[in-house]
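Below, in structure tokens: the form predicted on its own, a single chain.
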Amino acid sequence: MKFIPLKNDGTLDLKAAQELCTRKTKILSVMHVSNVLGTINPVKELMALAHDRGALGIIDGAQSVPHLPVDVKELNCDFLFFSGHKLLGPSGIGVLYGKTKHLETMEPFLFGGDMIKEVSLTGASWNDVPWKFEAGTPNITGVIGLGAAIDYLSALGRDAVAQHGKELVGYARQELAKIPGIKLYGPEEGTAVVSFSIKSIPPHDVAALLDREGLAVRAGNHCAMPLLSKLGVPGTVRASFSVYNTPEDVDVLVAGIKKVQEVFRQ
């Protein structure tokens, strides 16, 4: 395995990516938006790089699909996946998109139900895509709930959702930067999340005190220990934004952080 390094501003080093991805590379996998930094990675360019080297291109869309317009044909990715609960849908449901030519050559890994076309005592043949991968009774209620969430966001307008998130993150970074002792992580142009730390205050303490103020944030390594090691911190505090958030919510976050600093007498 090889890893594309980060530049100091939290963006991917594309020059290094060109050198790392060779004719021996089988898969290039990248997240569209960082769940820690909010960085929007140039996935279309990276998918073109993968295909130029004869590799498959896979996109983690868990953070991008809820916040940005995403067109798998335009990105020309081989696979893209995302989870439902980040898209305002129910938990326990998600989506894996794959090009038909790949899905048709893949073997199923779960068995039963409609995934079988014919079966005998000595063998079986698989059904067509997508039924080949849908063993047993599907999560029907989850699918219906996820469909409703997608319809809701589509009705709001995906471009409008993206612009709303961009404005909120921009305002949050602007206001947080005014607080002494705050360190922000990631590029200025991002979406969905803002990660920060407060000098001399452990991130979990910050989260616990903000919780008392009615503010839900996440603290820790955000399932990205290698990235946090690169940043040189044990963890950060992450504020996540969605369509239901407003600039007033950012103001409440700023006031809450100031109260945290008062508790620690900063």
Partner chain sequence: MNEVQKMAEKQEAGMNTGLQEEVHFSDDLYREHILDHFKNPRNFGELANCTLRHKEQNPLCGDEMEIMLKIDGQQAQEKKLVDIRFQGQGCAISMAAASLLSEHIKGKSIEDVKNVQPEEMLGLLGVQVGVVRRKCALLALKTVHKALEE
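All values derive from a computational prediction rather than experimental measurement. Positions refer to the first chain, counted from 1.
Quick note: we don't show the form predicted together with its partner chain, though the next part is all about it.
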{"item": "Heavy atom within 4.5 Å of its partner chain in the predicted complex - the one residue of G54, P226, P69, P234 that qualifies", "value": "P234"}
{"item": "Residue among I27, A208, A48, A216 with a heavy atom within 4.5 Å of its partner chain in the predicted complex", "value": "A208"}
{"item": "Heavy atom distance at most 4.5 Å to its partner chain in the predicted complex, all of P180, F196 and S240", "value": "no"}
{"item": "4.5 Å heavy atom contact, R212 to its partner chain in the predicted complex", "value": "yes"}
{"item": "Residue contact check: P42 to its partner chain in the predicted complex, 4.5 Å heavy atom", "value": "no"}
{"item": "H204: touches its partner chain in the predicted complex, heavy atom cutoff 4.5 angstroms", "value": "yes"}
